[in-house]
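Shown here is one chain on its own, the form predicted alone, set out as structure tokens.
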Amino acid sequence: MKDYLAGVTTILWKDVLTELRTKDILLSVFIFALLSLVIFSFALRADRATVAGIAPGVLWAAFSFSGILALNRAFATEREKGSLEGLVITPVSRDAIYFGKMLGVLIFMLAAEIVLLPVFVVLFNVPLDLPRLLPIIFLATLGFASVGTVFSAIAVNTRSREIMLPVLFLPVVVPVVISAVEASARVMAGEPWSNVSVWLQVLVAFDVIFVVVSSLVFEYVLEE
């Protein structure tokens, strides 16, 4: 178990160090999401009640499309430097590689999303109940990262990976997007926790199922 965790943290630390040097993922996710929020804020000139109703959808549209950029870069560094084969023959299990890469994507996406939340509040003038909203953001982003890491590994070996990834990934992750929007809308409307818990249960179930399934199939994805 100790060797397994050492393998996961080694893969994760490699990606963190690479990102700290290049800042490819953080900058691309942050700038794309920021531009999306700014464009939506100027395009949707409506009364406060209408804005409050569509704000959760705008927030998760920005997070979803910017998250695809992060997933596109998950294996891009190894691909561009020709070290993908080296990663595959690393003396750690394939599921340890999966968890290391998935945790890296999760951390980068969460960092960008947390920085963007104050921008969202300023642009849309909606109150955020952070203690109740943060668990939703974490669970939804975990669902994105768990499924997206597998599809990123599939798409990295295709010629049009920027197109193939969203085509393959978005239909699978639709339950996460719907649950995140519905749960966020109820939190922003100040509804009781009992109205939110149903959507949180959907997110937890999705995360548990797809983290387990993705770690199991990742070995066969790398072999392809």
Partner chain sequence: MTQDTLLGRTTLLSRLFLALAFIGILVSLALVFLWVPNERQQGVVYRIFFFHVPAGLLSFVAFAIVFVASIGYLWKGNRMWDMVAHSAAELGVVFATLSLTTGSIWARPIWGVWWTWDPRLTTMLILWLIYVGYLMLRAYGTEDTRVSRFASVVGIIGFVDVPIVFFSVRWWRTQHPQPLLKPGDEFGLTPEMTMTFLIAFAALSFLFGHLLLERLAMRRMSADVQEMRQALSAEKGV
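These numbers were taken from a predicted model, which means no experiment stands behind them. Residue numbers count along the first chain shown, from 1.
A second form of this protein, the form predicted together with the partner chain, is not displayed here; the remarks below concern that form.
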* Looking at the partner chain in the predicted bound form, is some heavy atom of each of Gly53, Ala62 and Leu117 within 4.5 Å of it? -> no
* To do: Just one of 66-74, 53-61, 34-42, 165-173 has residues with a heavy atom within 4.5 Å of the partner chain in the predicted bound form, so point it out.
  => 165-173
* Asked: Exactly one of Val150, Leu139, Ile97, Val105 has a non-hydrogen atom within 4.5 Å of the partner chain in the predicted bound form; which residue is it?
  -> Val150
* Is Leu17 one of the residues lying within 4.5 Å of the partner chain in the predicted bound form, judged by heavy atom distances? -> no
* With the partner left out of view, is Val217 within 4.5 angstroms of the partner chain in the predicted bound form by any non-hydrogen atom? -> yes
* To do: With heavy atoms only and a cut-off of 4.5 Å, decide whether Ala189 touches the partner chain in the predicted bound form.
  => no
* **Partner contact for Leu27 in the predicted bound form: the partner chain, 4.5 angstroms, heavy atom** => no
